[in-house]
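A single chain, nothing else alongside it, follows as structure tokens in the form predicted alone.
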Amino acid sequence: MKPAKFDYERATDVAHAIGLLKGSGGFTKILAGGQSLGPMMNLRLAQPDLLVDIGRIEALKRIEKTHDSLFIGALVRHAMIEDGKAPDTTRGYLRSIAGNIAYRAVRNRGTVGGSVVHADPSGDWPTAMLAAGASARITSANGARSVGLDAFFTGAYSTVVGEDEVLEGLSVPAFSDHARWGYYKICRKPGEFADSIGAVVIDPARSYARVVLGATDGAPILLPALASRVAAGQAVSIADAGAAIDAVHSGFDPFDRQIHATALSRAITKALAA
């Protein structure tokens, strides 16, 4: 199957992209790496009237390190992080995640911002960035705003980014030398969509601990009770993880609950052993 008919415009800068989005008068989608949107259009799961290609906007490709954070432009590709072209401010966390996304061909084209704003529940970056405490910089004709990822996702494939807004990038807090992390993904085979993702970041120097469950039926789920246990250095069994999941989400069937509890328990074990 091929895509339905659509119009195409290449944006020269962020302001141009916003203008195209605001004046489109129909269903418009932004094209970045195209690794998710392309297949969806070919299957006609997405049928935009207009594609706005932002792929050549250099301002969205910047990587900038400050004393306490790392800014990753929306168009930074997974492979750039995998290959160490971004400063390692997260003790290997971002680089490890990037290197285990799908296949190298996908990582060469797919973008960090595209993954986050697409908000696929099985995507790595939404869960990983939420666990890291990242915030999103969103720009519209009215200016820019910063939104923490705990308020960014509103559901499966749904975010707070408006129809005439562009995600410029993500700001990720730098990890201290004492920070530890764990990330565990369950897939039927390498490269496939995840059945469950557990992500854990502990940083005592910042009094920070976060545990996130991804690859659910909606937005990534924060698990504050587990985060408190992890911050105290307490081990978490599969049964403990299952009970914590039940406290915040009671809709999983027994099979999914077990997979999610296993992913969380293993991520926490990795973090505590680091």
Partner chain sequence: MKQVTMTVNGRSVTQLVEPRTSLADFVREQLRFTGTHLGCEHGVCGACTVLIDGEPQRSCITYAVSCDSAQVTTIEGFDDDALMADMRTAFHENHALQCGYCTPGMLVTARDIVRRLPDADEKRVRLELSGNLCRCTGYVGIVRAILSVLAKRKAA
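Numbering follows the first chain given and starts at 1. Every value quoted in this text rests on a predicted model; they were computed, and no experiment measured them.
Another form, the form predicted together with the partner chain, is not on view; read the next lines as being about it.
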{"item": "Stretch in contact in the predicted bound form with the partner chain, which is absent here, among 184 to 192, 116 to 124, 88 to 96, 130 to 138 (heavy atoms within 4.5 Å)", "value": "184 to 192"}
{"item": "Touches the partner chain in the predicted bound form: residue 273 (any heavy atom, 4.5 Å)", "value": "no"}
{"item": "Partner proximity in the predicted bound form: residue 151 to the partner chain, non-hydrogen atom cutoff 4.5 Å", "value": "no"}
{"item": "Heavy atom of residue 218 within 4.5 Å of the partner chain in the predicted bound form", "value": "no"}
{"item": "4.5 Å heavy atom contact, residue 256 and the partner chain in the predicted bound form", "value": "no"}
{"item": "Non-hydrogen atom within 4.5 Å of the partner chain in the predicted bound form for each of 1, 82 and 105", "value": "yes"}
